[in-house]
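What follows is a pair of forms of the same protein chain, given separately as structure tokens and numbered structure 1 and structure 2.
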Structure 1
Amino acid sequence: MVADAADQGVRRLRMVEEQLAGRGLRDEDVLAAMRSVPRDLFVPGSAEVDAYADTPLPIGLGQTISQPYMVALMTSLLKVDVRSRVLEVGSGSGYQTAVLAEVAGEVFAIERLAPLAERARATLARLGYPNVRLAIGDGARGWHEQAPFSGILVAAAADEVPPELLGQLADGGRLVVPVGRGRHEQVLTIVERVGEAFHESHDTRCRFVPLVRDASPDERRKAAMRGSSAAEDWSPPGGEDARGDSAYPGEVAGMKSVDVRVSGAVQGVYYRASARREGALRGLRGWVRNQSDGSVALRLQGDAGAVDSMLDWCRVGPPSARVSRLTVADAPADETLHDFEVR
């Protein structure tokens, strides 16, 4: 039987006292955030009864919500406050995002799995966090347009500290990331930037799902030139209709141009404005417009990985949309397109 809100609130306070303060965590801002954020809203209904247990929990698609102590510890290690701009890589269902939003001024979160990202968006909107921006994409590459960040938190394990993220760290900023090749070899790693130097230290051993990184256009081109299996095996998240190299001769390798039609409850729900923002975020060229039959049409043109990421977003759309069907067709490149616009 799922506990009611009052009961969950009692469990949340007990969790903070026993699992966090009781284990030596003394950061009062973080403890206050952990008392405030209802973890039970960020887990599937079947897991609500265990929402405040001292353990990670599955949230679907092979992902987990981190153990409360680890969420609190990583947030504390960032050493951010209301003046800070923070990047979170791997937002999952949004729990760590909400905790960061309680202590930082602005939070920019990236999640590569569209269903999880949209679930997180809906929950964060329900709880009222105006200082959060969440995008769907490859978080290992960071968010160049919003850099630099005074804190970067990576909620997945990397084989090494991602160099792209180091480049987006502000002077005096901190990056907190699990590093290690196997689940039993991971160590929570802290990198602090001082001028052009990076000072690395380590905290505790940990266990996270691996940080998944999409192949870059250059990596895919090199793999294709070598004729390696890497080019054949690489596939973006999104399924078969999001794959397929362009059949149009003369198109630049690694680039993609598609026409998209989105059906369902997709007009009057800010689908076009949201699509324009998401397309621009990914550096795409193209347009979005409403159709007379109630659908939304898009032209997406740009890096193949970015197009595939945008297709993932289109399958869900903004929180109020209800997408019932998505059709995708290859299209010839249009050299007159220079940005992403609403038509």
Structure 2
Amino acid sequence: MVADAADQGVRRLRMVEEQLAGRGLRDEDVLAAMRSVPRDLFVPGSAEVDAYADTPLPIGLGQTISQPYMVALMTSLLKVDVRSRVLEVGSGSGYQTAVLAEVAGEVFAIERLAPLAERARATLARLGYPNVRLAIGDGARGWHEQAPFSGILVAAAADEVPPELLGQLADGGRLVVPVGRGRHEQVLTIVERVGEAFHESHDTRCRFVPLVRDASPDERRKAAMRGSSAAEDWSPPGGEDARGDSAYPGEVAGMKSVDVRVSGAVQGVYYRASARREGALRGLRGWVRNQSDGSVALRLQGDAGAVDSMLDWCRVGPPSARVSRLTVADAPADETLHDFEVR
């Protein structure tokens, strides 16, 4: 199905009528924003899929662009207006970011997967939103330097309301976050700050990808002192923001070099060839090779954010792989590496 801009515009208006107004959403500012932001520009391959379908859609790296109704509902629950400063955690494709930028004064967005953040920045820049700043990092810690916020929207499911975010809410501000374990038990939770009190209420049940907590620099230092290279031992991406002029709180942008071991059904499933392509896509240096015990070993070296996003890929691998365990250990930088190869 190939759709031109006019077709997409027609679908967008129909989406607003059927999926949003049709479900009782009455917030006129939010409906207007949803009428104006072209979701198709945020959906990869939207010439082939219906970007205005009533469903989340894949955006790569195991993440999804949210269902339009969920984007509109969460925006409306925030109750923000042009005077508001808003924090968005988990900007993914940047679609929700754009919708927020239509209704709020300033939007501070954080995404932990660098390739998604880069793509979102490019799309947002193309559409022209001067009131958006997008940083790469762990948004569960909030954005201390820019706090307080009159609205905080979290687009990934947390086990509990993240305490750091409560501390960054302005008086009268609202936090909207899916809370719950597992994919089926999440509830859209709203916390309103009144002075030093926090009032919690609940909306619909929902289903989001998990909010992933990265280790703080302090926690990483402690782990390094213990010599830990345990499974699921990962580090946060180096920070930067859309203008590249100030580092994301607490993070140092930089290079990183790690040794990775992946176990499970990982040989004979194109793990190496896929890893080579994924590594090259991220501009990484290093190699991937099969080990005689059935595991796959990788050396990843490059921009810290790119290494972290490659680790996310390694945990899943190509479609027929089944990863049961992944270990990561810091490795010395190897100056002789110039590209990413299969060994």
Ligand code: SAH
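By convention here, residues take numbers in order along the sequence of structure 1, the first being 1. In this text the structure is predicted, and so the values were computed from the model without any measurement. Whichever C-alpha set is largest while still superposing within 1.5 Å between the two forms counts as the rigid core.
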query	finding
Pair member which, unlike the other, is the form predicted on its own	1
Rigid core superposed: residue 290 CA moves 2 Å or more between the two structures	yes
Did residue 27 shift 2 Å or more between the two structures, C-alpha, core superposed	no
Core superposition between the two structures, C-alpha change of residue 308 at least 2 Å	yes
Per-residue CA shift, residue 46 (Å; core superposed between the two structures)	5.1
Core superposition result - C-alpha of residue 325, shift between the two structures, Å	28.1
